[in-house]
Each structure stands twice: as structure tokens, then as C-alpha cells.
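Form predicted alone, single chain, as C-alpha cells, below.
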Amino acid sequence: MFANSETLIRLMPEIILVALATWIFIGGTFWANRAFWSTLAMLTYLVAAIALYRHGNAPLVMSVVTIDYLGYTLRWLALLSGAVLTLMASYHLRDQLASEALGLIMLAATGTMLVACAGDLVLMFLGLELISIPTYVLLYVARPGREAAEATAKYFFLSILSSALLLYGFSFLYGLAGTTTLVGEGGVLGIQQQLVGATGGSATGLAALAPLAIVLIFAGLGFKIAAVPFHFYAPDVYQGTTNTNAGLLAVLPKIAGLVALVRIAVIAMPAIAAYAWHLSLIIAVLTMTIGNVCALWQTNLRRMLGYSSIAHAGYMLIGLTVALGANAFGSGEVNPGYGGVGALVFYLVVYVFATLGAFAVLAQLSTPEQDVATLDEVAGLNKIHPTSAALMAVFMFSLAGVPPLAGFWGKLTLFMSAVGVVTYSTNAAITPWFVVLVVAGALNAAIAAAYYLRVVSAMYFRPVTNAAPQVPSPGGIGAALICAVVVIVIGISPRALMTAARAADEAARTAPSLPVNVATDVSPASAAMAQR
């Protein structure tokens, strides 16, 4: 089915953001006023939030968009991330480029929201590109210099390669299923039903290409989430750009990449979960280990947080592995209280606000003349800016998983989801794999604590060696305070977020589908003819 007025109403938040971003672009060419355009951008996020609250929650399944609680939760996360990033950027932007930067951040947030509710491969790919293209421009205009140009070039070329791999994987899915729709509705079959029918429980003929498709999709989306072996660009790009741009790279592509993996690997391709969970588990272990070990030797904070973002991608892939395991072995063999998708969503929210908060502290300490990015520059910070030091300590403790902050509950939820497979499963062959996953996660959490606590130690126990600017920026401190409040409140009372995460998990597990006996009697070619 094509989009109708109901679909447009549900997508009103994204429409508002795109319309106002366009207006900000055009208006900025006539009047270069950073304060005005920053205020207008924040008001735009407020209006979009009202529209999302009023129209975004009621379920709707179309061929192009899927409005469910999974998408609803992550659309809110993307919207709030865009608002926080705008606050971070508002003080440091030059008047001549303020409207362009603010509009680009808004478009990147819009792309993330579109991916969160995409029910079609075409819309999903367009949403991912709507994140990538503004990011290229932001990296280029952020700051002059050779290092920034090198970071931009590296991200640009590798991002194009990842898009090509992803599109190649999508082409395999379309060839197998004869449709780009992820889940069928209204009697029309989607990729989910077609792959069940094509595989029939075994990979034969064209269906044998389904594992190759998921490998290519993991490769393309692995770049977005900075998962091993597609991670190597992240530390260099984070170091070469500004704190605000590094914060954007750490959160928006990761939200989009993870929800795309859930939509495709968990919801649209349950028939090949037996292949996918091995792939996800191996990537999870390698990603969290390499990210944490490499972060131990870093003295540049942005580079350290780049490796940190790699490690956290590995943690979140634990949730994806559990969800794929539930598809492969049956949901009865997974702890019903800690579903994989729910654990992933919970951890993603916690990670986003803690990471944005850390970059916000660095951004509010920096000025256009002095960029704060190293351990030496935050040494003795408690003596100069005690509020900034306290905020950074909160974010470091949360990322390390220290109770009672939000990061502790995030790690506990993820690890319990993996432990649930070991506890509930009656399949002896899979138990050792998930035992290794849990042990690797616990060991990596201990390793990560070392470099997070080193930042706290430098701020509180080292003498001042290279003082940060004396006047923190109001936008940066506001963004850091918002993130700190979220991290502390979730840590004290995680019930509301856990409820939302479980609702998202339920939405992923009960995605609309046709009975297997119906799907098995329909070939991809006949389904394509039915859609026409």
C-alpha cells in the first residue's frame, strides 16, 4: 500500500524537522545570526516533540512505515539527541555557518527517526543516507586544518564503501523475496514471510544466498555502529573533529544502525537466525574487547571516547545476539523478563545520554581558540570548574557501570538477557557460546572501568597542568545538565525505561506476520506479481 494521509500524520515530526531545517538553510543566507537560528532550532524540536507525543504512538503498519513501540521509543531518543547536540553546538558556531550546521544536525536527527520507523528497505536506506550526507558536511565545515580534512576524507570514503555493501545486501533480499517491504500486511507478503517460504526450514537454491545477504548487511551497518572489523575509522575521526561532531557520530549513526539490524535481522529474517546469531556473537565479543583494550592507552579524550563507543557497540550486540537466539531456538528458551531487543533499547538510551553528556562537558569547556580534548587539559578540573568535573564524573561512572547510575542497570539488563539463554535453554550445544559471551562482557566491563576512572582521577587528584577556559559555554553546560539528570533519574528509578524497553521488545517479537503454512506455498515471483 502507498502512503496515505494517516501515514503523513504519523510522520508529522519528521516533516516538521525537514521543513524547518530547509527554512533555516535558506534564512541563514540572508541573516547570519547564531543566537536567532539556535533558538528557532530548539523551538522546532519542541514542536516536533509535541507532534510525536500526539501522533506517534498508535500502532500503524504500512508497506513503507511501521509505527510500533520500538520505533516510537527510538524516535524520541533521536529527537532528544538532536536537541542536545544543538545546545552543544550553539555557542561555538560562527555566525556565517550557524544556520548550515544547525540545519544539518536537524536533518541527521530526522534521518535517524525515519530509520527507526522504516518498514521498507528503500526508506531505510534513504534514512541512513540522510544521516551520512549531513555528517560529511558537518565534518568538513567544523574546523579548518589538515587533521580535520583528513578525518572528513576518511569518514567520507569508508562511509561510501559501507553504503555500497549495504545496498548490495539489500539487493540480495529483494532478489530473494521479490519485495522491499520488511513485513507484509493486508494480505501482501513481505520479506519476512517470503524468506520463511523460500527456506522452508533449509537453505536450498536461491535461499542459500540469504546468509550472504545478512553478512553484507552486517558489514554495511557495522560501519554505522563502529563494530569490529569496521571500527578503525572512529578514533581518528573523533580526534580530528570537534566535540559536538564527535558526539553526533557516537550516537545518531549507532541508533540508526542498531534499529536497522533489529528490523532486518530479527524481524524480517527470522528464518536465518541460526546463521545470524553466530555472526552477531562473534562480532560482539571482538568489538567490546578491541574497543576496551585499545582505549586503555589513550590520552586524548575524544579518541578514548571513540574506542569507548566501539566497545559499547559490542555490548549492545549482546542484546541483538539474544534476540536472534530467541528466533533460532524458540522464545521459550530465553528469559522472558529480559528480552534481547528490550535490553538493547534500554542500554542504547543509557549510552546515548552518558556519551552525549561527556562530549557536552568537553564542548562547554572549549572555545574556538582552545579545544579541550586531552587528559592534561582536564587535570585538576575540580579546582577550576567543580561543576564540570562533577558532571564528567557522573558520565564516566555511568559508562563504567557503577551503581546506582543508569549505566549499571544497562549492563545488568544486557548481561541478564544473555544469562537467561544459558539458564532457560534446553539446547546443550548453545550454552557454551552464551557462557563465553557473558564472561567476555563481564571481563570487558572490568577493563573499561580502568580508563573511565583514570579520567576521574585526573580531574580530582592531579594538579592543574593546562587549565581549561575560565568561562564555560551556557549551551554546553545546559546540555550536560540535561544528560546528567537523565542518567541519575534512570539510575535511581529505572522502572519507566524498563517498561518502555519491554514494550519495544514485545513489538519486535510480535511483529505482524503470516502463518508459516501460508507463506510456504507462495514463491517470491508470485508475491512480486501480487504486489503489482
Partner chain sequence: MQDRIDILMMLAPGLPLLGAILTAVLGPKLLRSQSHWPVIVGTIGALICSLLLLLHVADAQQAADLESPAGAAPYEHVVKLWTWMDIQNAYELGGTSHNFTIDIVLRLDALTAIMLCMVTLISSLVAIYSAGYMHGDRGYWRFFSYIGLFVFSMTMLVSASNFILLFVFWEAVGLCSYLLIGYWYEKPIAAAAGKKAFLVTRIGDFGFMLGLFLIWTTYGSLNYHDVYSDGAFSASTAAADATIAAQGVLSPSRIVENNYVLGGTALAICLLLMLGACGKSAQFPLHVWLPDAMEGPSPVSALIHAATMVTAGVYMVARCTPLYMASPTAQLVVAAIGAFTALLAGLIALTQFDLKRILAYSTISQLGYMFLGLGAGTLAGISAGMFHLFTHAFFKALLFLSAGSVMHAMGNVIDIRRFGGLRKLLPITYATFLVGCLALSGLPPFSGFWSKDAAIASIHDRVHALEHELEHRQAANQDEAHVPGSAAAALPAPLAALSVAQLSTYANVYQWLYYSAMFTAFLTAFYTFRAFLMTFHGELRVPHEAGDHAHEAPPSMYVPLVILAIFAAFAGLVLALSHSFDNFLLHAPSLALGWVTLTELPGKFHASVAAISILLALAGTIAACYLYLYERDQVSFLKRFFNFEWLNQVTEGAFVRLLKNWGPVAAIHNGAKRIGLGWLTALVGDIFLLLVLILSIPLLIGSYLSPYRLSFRKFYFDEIYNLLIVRPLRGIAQLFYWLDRNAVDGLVNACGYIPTRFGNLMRSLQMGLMPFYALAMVLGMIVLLAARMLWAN
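Residue numbers count along the first chain shown, from 1. Bear in mind that the values here come from a model prediction, so they are computed numbers and not experimental data.
What follows is about the form predicted together with the partner chain, which we do not show.
For this session: For the three residues Ile282, Leu296 and Ile447, verify that every one has a non-hydrogen atom within 4.5 Å of the partner chain in the predicted bound form; reply yes or no.
Result: Yes, because Ile282, Leu296 and Ile447 each have a heavy atom that approaches the partner chain to within 4.5 Å in the predicted bound form.
Problem set entry | in the predicted bound form, segment of 71 to 79, 301 to 309, 138 to 146, 104 to 112 with a heavy atom within 4.5 Å of the partner chain | In the other structure, the partner sits against 301 to 309.
Exercise. In the predicted bound form, which of the listed residues (Leu412, Val438, Val122, Ala153) lies with a heavy atom within 4.5 Å of the partner chain?
Worked result: By the 4.5 Å criterion, the partner-contacting residue is Ala153.
Exercise. Though the partner chain is not shown, can you say which of Val422, Met416, Leu212, Ala390 has a heavy atom within 4.5 Å of it in the predicted bound form?
Worked result: Of Val422, Met416, Leu212, Ala390, the residue with a heavy atom within 4.5 Å of the partner chain in the predicted bound form is Leu212.
Exercise. With a 4.5 Å heavy atom cut-off, would you call Asn382 a contact of the partner chain in the predicted bound form?
Worked result: Answer no; every heavy atom of Asn382 is more than 4.5 Å from the partner chain in the predicted bound form.
Exercise. Does the 4.5 Å heavy atom contact test between Leu161 and the partner chain in the predicted bound form come out positive?
Worked result: Leu161 belongs to the contact set for the partner chain.
For this session: Report whether the minimum heavy atom distance between Arg462 and the partner chain in the predicted bound form is within 4.5 Å.
Result: Contact with the partner chain, no.
Problem set entry | Partner proximity in the predicted bound form: Tyr275 to the partner chain, non-hydrogen atom cutoff 4.5 Å | Flag for Tyr275 set to yes.
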